[in-house]
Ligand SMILES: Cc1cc2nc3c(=O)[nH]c(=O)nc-3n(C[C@H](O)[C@H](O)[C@H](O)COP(=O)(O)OP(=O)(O)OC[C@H]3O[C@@H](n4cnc5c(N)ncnc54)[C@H](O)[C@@H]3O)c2cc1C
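Form predicted alone, single chain, as structure tokens, below.
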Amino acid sequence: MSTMRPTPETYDAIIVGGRPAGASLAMRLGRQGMRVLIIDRANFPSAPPVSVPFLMNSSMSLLDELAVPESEYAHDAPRLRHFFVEYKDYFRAHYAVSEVGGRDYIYTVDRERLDGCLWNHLARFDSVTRLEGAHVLSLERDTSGRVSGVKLRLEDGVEQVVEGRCVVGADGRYSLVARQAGARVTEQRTDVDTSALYAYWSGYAPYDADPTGIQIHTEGDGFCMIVMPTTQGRAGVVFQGRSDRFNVTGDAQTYYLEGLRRYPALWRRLAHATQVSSIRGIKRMGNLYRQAGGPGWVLVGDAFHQKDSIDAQGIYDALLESKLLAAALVDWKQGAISWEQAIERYEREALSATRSMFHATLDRVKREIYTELPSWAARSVLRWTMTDSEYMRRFSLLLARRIDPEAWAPPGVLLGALARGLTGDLRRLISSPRG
């Protein structure tokens, strides 16, 4: 097991990117004895440039398959069992996290710890070589034009060409592998782009409904805020909004603080708190799929498929796509299928597993961030729907990926929520004391 310089051998797979998508793929390939080189420009432990770090219980089930202990990546993060969605001061909806794999909780993880944990677990596999602090400069091609390796700049400045039977781009939404391979965008939505800034805070006031509850607040004006308890007694605080209204013309820190101060329901928890990290953020989150692969190359994680963070599905999708890709690559390595068949199968299965959630997430962004309701509609129709017990139950199942995203809120459920809400209001009106 090496973490220094790649050997002259030809690897079965070169994985560019060592965070959840790439590291979990390397583990699954290493289990099957495939010779893998995994490269990351960062040194671990380190956090990714941008991440809204919800770890859903569905993601933890996939980490269980890799024998990565929860105690290592969760550490002192509180178990989050409830989240609360507030709309102005009109209503507050209380949702419980749906159980998956015996867990009825999720985490806001420390990404530095999680990513470092996964990187360290690669040491269990003798056929996996780790290389950190190295930059991929370009893809190499053979005389037929097929991708045949990568050109690297190592941490000491030395450049080296490494050969591989395939190259996997697990290098995020701005993937170099995707760009150099010429991966086409096969599906994209640009009508619901959002931007976000976030930082970590300590000394914040506990949430009145639940000290470890996740607070999601919106005023129906194209912005939303999230307070998510995490490690070391801190909370991650996200300020997110429509990209066409997210106008950071000067200092991002000032814009972030001014944005939070506009919303008293959130700022009262932060007024005496201390911001303990620098600002991070992303402008115009991409919502797209790229071509999954081509001759000698393939994409996974955000390099392949990316969407808005509002439903916190990014890590799950990365781990799931890596699982599907690993199965296809193992069959290809064993000669059961051709490279073209492996890529076709992986793309088909990944789309089947993620595409309906992709559209469900973006429909939610359009409905909850981009659509501005008149006051009467928010106080009635929206409240009746979002506080309805059956609607809340099914929405929690959706986030846990335990219900078909295309069928989680059929007309019968929505009509039932409206009927129950109207009936409840009429009963309260009739039973209220008359003056």
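None of the values given here were measured: they were computed from a predicted structure. The first residue of the shown sequence is 1; numbering continues from there.
There is another form of the same protein, the form predicted together with the named molecule; it is not shown, and what comes next is about it.
Of the candidate stretches 282-290, 333-341, 265-273, 352-360, only 282-290 has residues with heavy atoms within 4.5 Å of the named molecule in the predicted complex. Shown without its partner, this chain lists 383, 402, 393, 41 as candidates; in the predicted complex, only 41 has a non-hydrogen atom within 4.5 angstroms of the named molecule. Contact annotation for residue 237: none of its heavy atoms lies within 4.5 Å of the named molecule in the predicted complex. Although the partner is absent here, residue 373 is not a contact residue: none of its heavy atoms lies within 4.5 angstroms of the named molecule in the predicted complex.
The named molecule is not drawn, but in the predicted complex it has a heavy atom within 4.5 Å of residue 135. Not displayed here, the named molecule is kept clear of residue 121 by more than 4.5 Å at the level of heavy atoms in the predicted complex. Along 18-47, these residues reach a heavy atom to within 4.5 Å of the named molecule in the predicted complex: 18, 19, 20, 21, 22, 39, 40, 41, 42.
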